[in-house]
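Single chain ahead, written as structure tokens, the form predicted alone.
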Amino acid sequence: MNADLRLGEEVMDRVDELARFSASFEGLTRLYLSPQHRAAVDLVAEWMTEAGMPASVDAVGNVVGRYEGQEPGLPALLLGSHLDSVRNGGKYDGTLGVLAAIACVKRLEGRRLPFAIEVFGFGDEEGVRFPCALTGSSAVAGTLERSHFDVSDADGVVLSDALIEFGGDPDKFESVARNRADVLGYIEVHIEQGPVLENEGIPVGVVTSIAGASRFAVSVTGSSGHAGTVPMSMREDALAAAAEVVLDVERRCRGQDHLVGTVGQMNVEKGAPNVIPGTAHFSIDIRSPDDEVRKTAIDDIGRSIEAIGSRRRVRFDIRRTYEYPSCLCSAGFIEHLEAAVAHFGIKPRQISSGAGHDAMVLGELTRVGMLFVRCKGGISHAPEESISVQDVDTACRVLNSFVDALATAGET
């Protein structure tokens, strides 16, 4: 192993090991509470233990290791990210942050700090299998409700049943929550999932904020009919109405800075080439670092949907499935991260995140910070997701430097 890149090489080797636990051959598919998720959790627990952290799997499926400070029971700095993935995604999204955190603790080599460290491998950040998201981090933040476990996946499996089979306990989810007084903060290393750092030739960036996001499931009900016999003026075409909404979302969000909107899913019930669609379903995702901008856009789109439904004589049913406000990263953590980046001869680059992360949920519990790692082409959530061992090594060293600075500053 190259001594100059030993941290990066070890993390990258372990990423490859975890990538074996996938339900797909091309790309990574590791859904929450799946057998692949369980296998990844068990291996990560082994690595945590090897690094000097007794590890366990909590009631909602997070794997967590604790490295005690100079005295048992000190407040903890939380590190980590998520171990689940999207379908046919990339192997670095989430996983990198968990393994970089373990490497950070391992490099302490038994040296005790004026605070403890807890490393998390969160479950269900992506929200792919079940119609919910951020289950693991929400439980730690204390914002989860019991009804969260009543939803079902596409196969009809109820989340609570899947959790019990996994080895968790939905009736004990409240035990996962941390108290504010026991938490020093949360730091997450993550791939950028965008092209900014690569375009500027910078290996890492310091995150200043995470965009707020709202997600909706929309159903449209019109009337089915024969494609050849119903006049155009008399149709109640659910898909045509849905398509108009898609374009309206694009128009509304394209017309304003710091606002994005996406329709990433759509399907037609019992669709056929010669049948006018009677029912259609689609998603809407709206994001902005400014919560008021996001909320105003949602209101505008809602009024537009109402008008489209009235004009086309179809009914829209809209259900909000995800809602998180924007999150500002801690000014103190930003300062420490920038100093750590500069220590390695890199000009600090502040960057905002348009993607959601566990960090924004932990922001409801404690102060948070994030370090982005550049990724090739800005590609993420795809098999082509790629990062370099050099950049991973840099990120690991920056994280270690950050932790050392926090310890030297005596922050508890």
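In case it trips you up, residue 1 is the first one in the sequence shown, and so on. Just so it is clear, the structure is predicted and the values come from calculations on it, not from any experiment. The term rigid core refers to the most C-alpha atoms you can superpose between the two forms while keeping them within 1.5 Å.
There is another form of this protein, the form predicted in complex with a further copy of the same chain, and it is not shown here; the text below is about that form.
With a 4.5 Å cutoff on heavy atoms, P54 does not count as touching a further copy of the same chain in the predicted bound form; it lies far away. Among residues of the shown chain, P114 is not one whose heavy atoms approach a further copy of the same chain to within 4.5 Å in the predicted bound form. Residue contact with a further copy of the same chain in the predicted bound form: Q193 places a heavy atom within 4.5 Å of it.
Heavy atoms of H381 reach within 4.5 Å of a further copy of the same chain in the predicted bound form, making it an interface residue.
The single contact residue among R178, R129, R312, H148, judged by any heavy atom lying within 4.5 Å of a further copy of the same chain in the predicted bound form, is R312.
Residue R235 is the only one of R235, K106, K91, H336 with a heavy atom lying within 4.5 Å of a further copy of the same chain in the predicted bound form. Only one segment in the set 295 to 303, 264 to 272, 163 to 171, 130 to 138 has any non-hydrogen atom within 4.5 angstroms of a further copy of the same chain in the predicted bound form, and it is 264 to 272.
No residue in the set L78, Q350 and V403 has a non-hydrogen atom no more than 4.5 Å from a further copy of the same chain in the predicted bound form. Using a 4.5 Å cut-off on any heavy atom, the residues of 239 to 256 that reach a further copy of the same chain in the predicted bound form are, in sequence order, L239, A240, A243, E244, V246, L247, E250, C253, R254. The Cα position of G90 differs by less than 2 Å between this form and the one not shown after fitting on the rigid core. Here N199 does not count as shifted, since its C-alpha moves by less than 2 Å between this form and the one not shown after the core is aligned.
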